[in-house]
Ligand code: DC
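In structure tokens, one chain follows: the form predicted alone.
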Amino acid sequence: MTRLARTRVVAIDGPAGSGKSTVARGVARKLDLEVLDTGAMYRAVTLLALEYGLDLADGPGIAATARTVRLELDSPPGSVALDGRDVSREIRGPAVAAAVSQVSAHPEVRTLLVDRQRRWVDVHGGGVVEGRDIGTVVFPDAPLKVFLTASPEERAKRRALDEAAADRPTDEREVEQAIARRDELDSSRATSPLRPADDAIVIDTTGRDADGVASEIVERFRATAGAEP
């Protein structure tokens, strides 16, 4: 990765419902950077595995198939495409949500996508990158690493609202249970477990306005980037 790109990376990690996507978009607007939703990449590969009928326990096989497919993000902004087919809605469906932790735990899949994430930053000259291992694995030398969290109740409420907005209304209690299961899988996996980087700023977004959180991150980034040698 080029030095210029490295100095223009804001790494945002956190569990589901912590506000990563909303906050990342706010930070990007304020800093005039692009956003990379790495979770969408893992969801796209999961959708691919499901559509091809692949064994979800076969990491090498899933990664090999993913290498043959063109994965495109952000054209238009926020969209995800596989071989030119817009799958932005499909990757948010319940089947993908139920399988993505298993697929994303495979070292072969993570190696493939981490390489693509780093290349994306090079192409874009930096960016706000959000996911679950950005500060610990993908960009451990990012000038600013942030780990967002929130109470289980707040996270479940946010995800339930997201589902309702996508015409997939669900019970908030069921969402909370699903989030807890995903947290356990993501935090206990052997490869790139979900955890804050040692030097990450941890921000609890419970009850906080997303724009206020984004402004705090921007302020910290500008202070940190200005101190870069």
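Throughout, we count residues from 1 along the sequence that is shown. Just so it is clear, the model here is predicted, and its values are computed rather than measured.
Here the subject shifts to the form predicted in complex with the named molecule, a form of this protein not shown in this document.
- Contact annotation: the named molecule lies within 4.5 Å of heavy atoms from the stretch 98-106 in the model of the complex, the single such stretch among 98-106, 145-153, 79-87, 119-127.
- With a 4.5 Å cutoff on heavy atoms, R159 counts as touching the named molecule in the model of the complex.
- For the chain shown alone, D186 is a contact residue for the named molecule in the model of the complex, at least one non-hydrogen atom being within 4.5 angstroms.
- Among heavy atoms of G39, some come within 4.5 Å of the named molecule in the model of the complex.
- Remark: R182 counts among the residues lining the named molecule in the model of the complex, judged by a heavy atom distance of 4.5 Å or less.
- Each of R43, R110 and I134 is positioned with at least one heavy atom within 4.5 Å of the named molecule in the model of the complex.
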